[in-house]
Structures are given as structure tokens and as C-alpha cells.
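Shown here is one chain on its own, the form predicted alone, set out as C-alpha cells.
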């Protein structure tokens, strides 16, 4: 019998039920789990924003030590409950059990980090050029933050938005993806039990219409969004019309260069991980593998061999390396995109649309000898799909690497210190990775891209303060 979870909004500490408007099933096994939930409308959004506005004052009254304790309590609970949460993530989104557990533990560390940052929201004091006057710079809460989060990291990305927002005294209205709402509700239960004022975090559910309603809700001061380029453009336009502070992360078309002097085994492992783990559903995934011609044949042969040994299967099994896409809708999209590449004349050397798989699974797919000018490498395919670009030398590789508009993460495999140093300087990307996969980041370091990948201040680490606070300069004369 299918396990059914019926969700509700959570506003101002209260459960707000509604008519089911969306549904998500286990993408690997539709007979296992069914999740339904309501669509937040303008009225629900209005109540959530009002509750958040009141909570900003309540957070200030509560004080930073109590707030720090609450964030630490969330972190502790996440780490303690990691096995159960990981299983829910695997069932709801198709993420492998090992990846899901690692994500939950990372989210716990994020709350730990910002629990400490709550006590370190320092300012500055200057001597004034005017005798007897002091100049003080403080970082104050921006107010009510709308957080719109995706399904591919259903705990970690909400954590790196909600934790810093709270740390610096803001309240949050959070709209998760409809594909990961059960996981969001589980995280919300943990946050609600941590001792924060009612309304400090409000969970509103729904699909795209709910996200639009949130961006248009009066009383929002800032929007932190992670998702598709198309939706991000709409959020940017809506926010600009209302002079909202915006932080947008919209993915990347990420390249990894493999030079002839690189360790072949490590290079193949980096490409395999970056392109195909998590079914390619990471904004830092490797979609363009740029290989020096001298080793290209050996590299492709070794990568094909490793791809053939990938354990593809039920994400609930600990041995699975690659699970399904998040939904049948996403599988249909990836299938259309790959079919378009095939119709252009490129033929996959592994996978492709001819390799049929059940439910929401899509076969890891590799194209070889992709022309630099081909459209394949210009737009994101959010699935386990990558192409090999053959280049003559390092300079040509850098040119190919920097060609797309969406540049989040860039990688290089080499044993040359001079090439590694030049790569860090010349790669046009927000993240550069040397001899490690393009996917995979630390919770305490800044995150973000360049070009069309990102807009606004960086996320994570100490850099998060730039988005979640307003810098105020005060001149004080005793009189």
C-alpha cells in the first residue's frame, strides 16, 4: 500500500491546511510514496509576511544568545536525525541514500556555523574628522526575507538561506519546491521546536504560482532564490520593480579541463563524479569535459569503462551511485533536450534516448568530439549528460571553458603548478576546482557564480552577512 503524506502550510507557529494542489511520488518507485500539498495564495502569503514582520521585533527582544542556542539546536537535531531524513529525501526526490545523509549532516554544520556567527555580527568605530563626534558602523537586519528553494538539495540549500537570515535577525517566509515539500515540512518541524519566536520561519507550499505570489507579497524586503534561469529572470524583474534586495543562483554550464599531464585515474574519477553522480542534478555538475587531444582517446575509453560500472538503481539502497531524476516531468524535459542534440548530428558514445529506462531514470549519457560552436554546451541540461571537447592546448581549453554565459564552477586536472596557477586566474567562474570534481563545496566558504549564473551577493560563509544585513553609518555627537 502506498504511503501518503498530506502536507499543510505552517504560518506563525500554526498549521494551515488547504486543498491538495500538487503531488509528488517516489521517482524510482511510484508505488512507495505519494506526497500532496496545497498551493499558497495571496491571503496565505499576506498572513505569513505579517507573522514574519512581527517576528523580526520578537527576535530582537529574544537576544543573540538565545537565537544562537536555537540555531545550534537545529544543527544538533539535524545531525541526530540524519538517517531518517536521508531516507525521506531518497524516497521523495530520488537522491541516493549516501548523498542524502551527507547533505543532512552538512545542513547541520551550516546551522552550527551560523549559530556562532550570531554572536559575531561585529561593526566598526571610526574617528570623525569633526572633533567630539564618533562614527559607528553597524550591520542591522534587512527585515523579512523570502526564501525560494529547489528540490536537488532540499535541506542544505534551505539551511544556507534560513540559518544566516535568522543569525542576523531577519525572519523568513520559505517556499520550497513542490518536488521536495515533505522534506521541507520535516525540516520545518525541527526549526519550529528550536525555541525561536512564532513566525520567525514560515513555510508556504506550492508550485510556481506560489513562488510568484510570494515575490509579489507586500512587506517582503529581500528574496533569496535558487532555481532555473527562466524563473530567476522573473524573480529579478519582480524584485526590481519593487526595489527588493535580490540574491539569485541559477545554475551553470560547467567545464572541466583535463591536460595531458594529468593523472588519468583521478581525472576520470572527477569527470564521473561531476557529470553523473546525483543524476547530474547539481548546479555545479560537469557538463563540458575539455580534454587535451594528446590523451583524449585514452581518457574517453577509461571514462566509458567507468560509466559501464556505475551502480544505477533504487536510491534507498546503500550501494546505488546514480538514482533517478526527480520526476517524470523532468525526465521528459531531459529526453527532449538530448533528442534535440542527437537530431543535430551528434551521436552519444554512451547512453542517449535509445537507452530506455523505467520510471524517472535516465541513462548517463556521453557525447564525444562536440564542436565548440555547438549549442549543446551553451545551455544547462540538468541531468546526467556530458560532452567531450577536444582541444590542442591549455590556451584553447581556457577559451572553450569561458565560452558559455552561465559560469558557476570550473575545473582543471593537471600536475602542473604553473597551469593550475594560470587556471585560477584566467577561468571566468565563481568557483575554481583543481584536481577535484566541479561539484562539491564547503559549508563555511562563499558560493556563487559569474555571468548568468548568479545575481547579487554571495551565499554561505561569512560572505552571507552582505545580503542579510543593512550597513548603517551613525554620526554621534554628545552635544
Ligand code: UN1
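Note that the structure is predicted; figures quoted are calculated from it, not measured. Positions refer to the first chain, counted from 1.
What comes next is about the form predicted together with this ligand, which is not displayed.
**Student:** Spell out, yes or no, whether the shortest heavy atom distance between residue 447 and this ligand in the model of the complex is within 4.5 Å.
**Tutor:** Result yes; residue 447 sits at the interface with this ligand in the model of the complex.
**Student:** Spell out, yes or no, whether the shortest heavy atom distance between residue 279 and this ligand in the model of the complex is within 4.5 Å.
**Tutor:** It does not: once this ligand is placed as it appears in the model of the complex, residue 279 has no heavy atom within 4.5 Å of it.
**Student:** Heavy atoms within 4.5 Å of this ligand in the model of the complex: does residue 441 have any?
**Tutor:** Heavy-atom contact with this ligand at 4.5 Å: present for residue 441.
**Student:** So, in the model of the complex, is residue 210 in contact with this ligand at a 4.5 angstroms heavy atom limit?
**Tutor:** Residue-level check for residue 210: no, no contact with this ligand.
**Student:** Please determine, with the chain shown alone, which of 294-302, 139-147, 312-320, 280-288 has non-hydrogen atoms within 4.5 Å of this ligand in the model of the complex.
**Tutor:** This holds for exactly one stretch, 280-288.
**Student:** Within 4.5 Å of this ligand in the model of the complex, do we find a heavy atom from each of 153, 160 and 226?
**Tutor:** All of them do, each having a heavy atom within 4.5 Å of the partner.
**Student:** If you check 374, 106, 245, 234 against this ligand in the model of the complex, which one has a heavy atom within 4.5 Å?
**Tutor:** Answer to the contact question: 106.
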